[in-house]
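Presented as structure tokens, the chain that follows is alone, the form predicted alone.
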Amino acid sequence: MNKSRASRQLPALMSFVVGLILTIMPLPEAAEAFRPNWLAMLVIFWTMQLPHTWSVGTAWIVGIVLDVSQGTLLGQHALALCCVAFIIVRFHLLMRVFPIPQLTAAVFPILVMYQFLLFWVNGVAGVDASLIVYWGPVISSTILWPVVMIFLSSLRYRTPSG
């Protein structure tokens, strides 16, 4: 891998590491149900911005790492993140031109689908959880999406383009 390509991939790699840390980090019990889906938001952003570099394969790897780190069913998050990445890759040219409010409105159903897939896999496996555990992250992630989008966009455009 040449130096310019590695320097372009470094912000995404670092953001995935920070996203995993934020996902694993303990929160107070009252806030735990509203933990944002950091890695889902990062997969959405990087897949939308650089679909040839960060795509379904990246989502699978990130999902497996998330499954192992959280002790959930192996492949649960990987399946959900791959579906998210597939949809984003399919519509990335359209979504990249959306203004932030419209993009936030488009990201909401994608996050709902992500949570529904997790709900479905847990239901098949017999894992019981309250509805707030599924809807809380969708609400908090949708609210945080514009901030994450603006921050990562500024981070992406500060890197050398080589």
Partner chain sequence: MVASRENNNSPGRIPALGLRFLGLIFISILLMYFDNRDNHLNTVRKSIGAAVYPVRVIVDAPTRLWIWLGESVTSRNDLELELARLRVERLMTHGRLQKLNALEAENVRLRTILDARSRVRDRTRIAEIMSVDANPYDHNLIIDVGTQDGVFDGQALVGADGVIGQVIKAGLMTSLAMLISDTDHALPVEVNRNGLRTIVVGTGTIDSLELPFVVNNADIHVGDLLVTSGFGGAFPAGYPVAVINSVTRIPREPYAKVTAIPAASLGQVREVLLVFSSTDQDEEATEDE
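Residue numbers count along the first chain shown, from 1. Just so it is clear, the model here is predicted, and its values are computed rather than measured.
Another form, the form predicted together with its partner chain, is not on view; read the next lines as being about it.
Participant: Is there any non-hydrogen atom of Ser55 lying within 4.5 Å of its partner chain in the predicted complex?
Facilitator: Ser55: yes, in contact with its partner chain in the predicted complex.
Participant: Can any non-hydrogen atom of Leu20 be found within 4.5 angstroms of its partner chain in the predicted complex?
Facilitator: Flag for Leu20 set to yes.
Participant: If you check in the predicted complex, is Thr104 within 4.5 Å of its partner chain, heavy atoms only?
Facilitator: Output for Thr104 is no: heavy atoms all beyond 4.5 Å of its partner chain.
Participant: How about Leu118 - does it come within 4.5 Å of its partner chain in the predicted complex, if we only consider non-hydrogen atoms?
Facilitator: Although its partner chain is absent here, Leu118 would touch it in the predicted complex, with heavy atoms inside 4.5 Å.
Participant: Go through 89-114 residue by residue and record those having a heavy atom within 4.5 Å of its partner chain in the predicted complex; state none if no residue qualifies.
Facilitator: If the 4.5 Å heavy-atom criterion is applied to its partner chain in the predicted complex, 89-114 yields Val89, Arg90, His92, Leu93, Arg96.
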